[in-house]
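Just so you know, structure 1 and structure 2 below are the same protein chain in two forms, each on its own as structure tokens.
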Structure 1
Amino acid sequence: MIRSLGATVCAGLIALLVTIPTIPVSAADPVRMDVLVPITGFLALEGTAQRNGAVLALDTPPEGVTVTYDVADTATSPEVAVTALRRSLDRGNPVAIAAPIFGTQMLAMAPIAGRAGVPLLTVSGTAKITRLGLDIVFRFFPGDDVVKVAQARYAVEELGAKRPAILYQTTAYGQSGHGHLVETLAELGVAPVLEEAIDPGIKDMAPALERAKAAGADLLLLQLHSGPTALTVRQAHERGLDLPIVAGSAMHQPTTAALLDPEQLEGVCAETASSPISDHRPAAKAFTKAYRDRFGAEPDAFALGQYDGMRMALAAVADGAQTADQVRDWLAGHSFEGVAMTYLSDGTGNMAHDALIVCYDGESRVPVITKRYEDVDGVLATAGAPSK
């Protein structure tokens, strides 16, 4: 009985496998934009924000545009991401793709999307992805060469750090950010007294904090994911380590602040591209409300960046772009007034040029926008006034 059941299961699966190729290809009209992001594994938090932002944009397209989409998980490896891309390209004929925040996956996907001429819209901070010489990568989040500049400058220029310690994750996010932090600090004439690499599996941050103290640090620069950032902030508070903290973008995520008491957060700052929950402009408030209503969660800058990116692609379609090539050219040649900021390509697909510093006041888990670093790389100024 069990054996025959097993045989049936096996046979059924083989049949399924054989029929994969025969699933019908959907029609080219209306336009299609797939969402390929990591919604499982260690980047699930950021990837889910991407998915939600993209879905929110795609579900409310501009007048006259109909769009279909699939959401697929790219998990944690480039292999899975490339397979998902292949499926999207071969079965969906998309004009644009929301692509993973995970830089390694982008590096694997970009050449394939390049051959197909389909634009990849991402919020990945990895600097390299726009330096491949491919014209299909569009980044709707300031790259590490923008946000890390803001983080380091805020620490040095506003808080007067002379002996900062850098704690960074041993992931692509952490290592890439660490490199840019060190570079910017050097330009500002400051040398970090400690650069500590921390595996995401590490549970106890006390050794890193003790090392920073022993090295005589006067400020902590964090480039850690959400949980480890919160743990570091909490343990620093508990151990009475009275150092200012300027964290990476993970700190601005509402999920990170939710792990901490407001008083533990007092004086902690973070870089980010935007902070939808702290932003009082009407467009940002509308976005935050729509996001909360739809997903029952607080939006972060990754969600908003991906939302703005997909809205820009939809604007291209509304403006007459019907093919992937036309969407790509439109994205490369127009500026777009998004909810978070004005987006304009620097010629290599870097669309976002503003960074924010947000700080917590010790009363609330909603941070206050403390400083704006606008047009850090000078792209908007060179291009002149943005066109609507």
Structure 2
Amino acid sequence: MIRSLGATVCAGLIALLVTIPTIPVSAADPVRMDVLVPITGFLALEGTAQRNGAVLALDTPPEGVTVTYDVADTATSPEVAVTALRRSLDRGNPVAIAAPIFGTQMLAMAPIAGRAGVPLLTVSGTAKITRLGLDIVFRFFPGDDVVKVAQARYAVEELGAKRPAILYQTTAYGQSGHGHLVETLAELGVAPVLEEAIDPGIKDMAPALERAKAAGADLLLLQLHSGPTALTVRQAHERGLDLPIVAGSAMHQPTTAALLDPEQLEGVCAETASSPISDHRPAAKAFTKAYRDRFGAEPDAFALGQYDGMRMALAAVADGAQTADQVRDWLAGHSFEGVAMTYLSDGTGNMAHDALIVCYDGESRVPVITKRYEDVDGVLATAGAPSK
């Protein structure tokens, strides 16, 4: 799908969503920003949200900017993602690329994008992707060293967990989150009673749940993708496993909650960067309405993070950046007031530094924002719940 849109498209809506620099660009040439994300496979829900957020941003560029883009499905294979990246580079000179949420794919793509000098804008939480020594990776979702800290702290400090069990995916995403959960728990003086790795293809979570119960767990910490998260929550409820659950960001997704009955969600919380459907601020409400109108679906933090990331890249173009190098330098050197939060690189491409905890009440599939953690001089500090 290729789109080429002029500067005046949906200007009124964008004014509500995000303030974009309005420095004029004289006779600016069209720029390309491709979207390479997983639309099929076990990350289809996350990747589709990511694609939609990117497309919504690219279809509504700021004044003075004309952008074209292609969308490619990277599925869940590193080889497919690398092929999609090479094709994007062969087609022309993209100034930025919306890159997969899947950390395994990001790790395969980053060296190639680094040699080409093209920024990869992602919402992948895998911590390692910004530790590769490359200056082209920009993460618009808090890394595991932020959200896993929030997840573990909420479980221990707010819910009083002393014997948590960790169920995590065997993927790079799962392993990264698992490591940060264990590290943070240790700092809090808590040791998990069970740490179990689960392949994304496993459909029966009962054995893992039984082992957690047998180990005397008082809370479940989940670091699973969307489908396995929903399976675990459902099967825990069906088996009467009366344990609080604090899940990873997959659980905050409306598409994940839609797989469960509201009563199955009671006592379930999740870490996330944002929850647009729970956020009553005007910019978040405007984004949510625009997303619903365009896609007939509910937005999540992955959609909003990718939206904000592409809007920041478009702001760079509006400010005069016309090449991949110029966009990269602009992203590295500017802050940006997005819908979810303010983004600013920490010097390694981590742009997002805040985290939320959302919880379900058992009556609705819309979670409530219960806790906010903000970066204060490199330390994650609690800030209560955001104002309604």
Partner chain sequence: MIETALHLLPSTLALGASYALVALGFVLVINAVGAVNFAHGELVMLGGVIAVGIASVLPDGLAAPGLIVLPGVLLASAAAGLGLAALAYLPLRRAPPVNIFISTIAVGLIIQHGVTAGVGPEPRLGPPLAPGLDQSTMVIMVAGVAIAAVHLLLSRSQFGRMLRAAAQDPDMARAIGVPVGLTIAASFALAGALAGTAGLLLSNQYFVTPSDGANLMLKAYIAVVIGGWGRIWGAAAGAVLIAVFETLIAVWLSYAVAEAALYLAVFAILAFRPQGLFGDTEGRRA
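Treat the numbers as computed from the prediction; the structure is a model and nothing was measured. Residue numbering: structure 1 sequence, from 1. For clarity, a rigid core is taken as the largest C-alpha set superposing within 1.5 Å between two forms.
Between structures 1 and 2, only structure 2 derives from the form predicted alone. Once both forms are overlaid on the rigid core, the distance between the two CA positions of P62 between structures 1 and 2 is under 2 angstroms. Core-aligned CA deviation for T348 between structures 1 and 2: less than 2 Å.
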